[in-house]
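The chain below stands alone and is given as structure tokens, in the form predicted alone.
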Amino acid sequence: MTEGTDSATDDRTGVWLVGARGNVATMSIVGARAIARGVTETTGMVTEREPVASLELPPIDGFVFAGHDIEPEPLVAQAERQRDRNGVPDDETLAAVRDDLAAIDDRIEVGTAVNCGAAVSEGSEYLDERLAVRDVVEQIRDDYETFRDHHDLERLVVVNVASTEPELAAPERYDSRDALERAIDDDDRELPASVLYAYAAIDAGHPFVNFTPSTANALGGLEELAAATGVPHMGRDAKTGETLVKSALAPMFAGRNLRVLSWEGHNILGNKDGLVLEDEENAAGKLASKGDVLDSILPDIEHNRVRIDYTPSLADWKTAWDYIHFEGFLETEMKMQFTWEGSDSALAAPLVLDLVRLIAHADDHGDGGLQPQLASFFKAPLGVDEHDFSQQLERLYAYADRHA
């Protein structure tokens, strides 16, 4: 059985990963191919649990992967390093999908690193920085179309899983479709890579997911374009670990009218994402999205701080320690502490596969623009102010009930 050509399905979905050789992309590809080959289960996938599983979703064994990256190291080598440093995937799983990884690696094109920050682009291979912005967009779009045409795919979904970029200064300059397209035509060198990937996808009619805190599809001009063309898109910054716990736990304090005085969150991780987030410019967007969750659910919180530190020896494993100081009846001060430890990529990868299936479903059913039913997957869900995890899940379940 080769990738995307399993005799069990004729429904093939192209999955274009921006950052295709990164930790999350590699684990997503390994996981999808391992599921297709029957060597792992679908634990961690929301789309494999009712009521979402009742939807007619594109099959995982029909996923055909490709992507952009600026890192030259092959997928097999990336997966081997994750196995050796993290124990995930294990030897048996990697052996089962090794040939698939090699074939997919041949479909990974050189990407752009414009305005990704020195922590991302230093020592990498990327498109000529002298190219005009419009030319970069056209190159990206041509890569999408060539892949889809060559493999005769039913659809193409683009997912940004690249390292976090610095925040875009004055994003309001691009609040309309006209302003954004004029900036591209005028060779505006401040537009970051994530925006160019998102624009090329949405303008060509391909559903887009921003798994990262980078700007990408968060610009008003791209939201206007997607709404006008009926292309589904969603983001921003996938919720996989500590913030997931916060979005489930904070409503408990609010619901019981307990006054949270301080909430300290300290995160340490050792993979490439941790290294990139050592740069203050790259970390700014991530810290903002992690902090905003508590501010939304607990608007009267007195102190809310998040730290992210790079700890090389942890590799792909991340640890978060949270300290919650709160006040109850009779002004009694109490505290709660929890520690979250997990494999960063193994937590993220099933959500990538879920989001591909769900946004493809929206596209098949003519649901264009932002997809609020996907809010539970993100720290800063575009177009959704609700951060209570249970309330976000209700949006997804209601969507499943409507379409089942």
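Just so it is clear, the model here is predicted, and its values are computed rather than measured. Numbering starts at 1 and follows the sequence shown.
Another form, the form predicted in complex with a further copy of the same chain, is not on view; read the next lines as being about it.
For the residues A360, L370, V64, A34, the 4.5 Å heavy atom test against a further copy of the same chain in the predicted bound form is passed only by A34. With the partner omitted here, the residue from A179, A77, L249, V110 that has a non-hydrogen atom within 4.5 angstroms of a further copy of the same chain in the predicted bound form is L249. For a further copy of the same chain in the predicted bound form, the listed stretch (236 to 244, 133 to 141, 186 to 194, 166 to 174) containing residues with heavy atoms inside 4.5 Å is 236 to 244.
Using a 4.5 angstroms limit between non-hydrogen atoms, P58 is distant from a further copy of the same chain in the predicted bound form. Among heavy atoms of A95, none comes within 4.5 Å of a further copy of the same chain in the predicted bound form. Within this chain, S54 is remote from the site of a further copy of the same chain in the predicted bound form, having no heavy atom within 4.5 Å. Mapping the unseen interface onto this chain, W317 counts among the residues with a heavy atom inside 4.5 Å of a further copy of the same chain in the predicted bound form.
Contacts with a further copy of the same chain in the predicted bound form, taken as any heavy atom within 4.5 Å, map within 329 to 362 to F329, L330, E331, T332, E333, M334, K335, M336, Q337, F338, T339, W340, E341, G342, S343, A346, L347, A349, P350, L351, L353.
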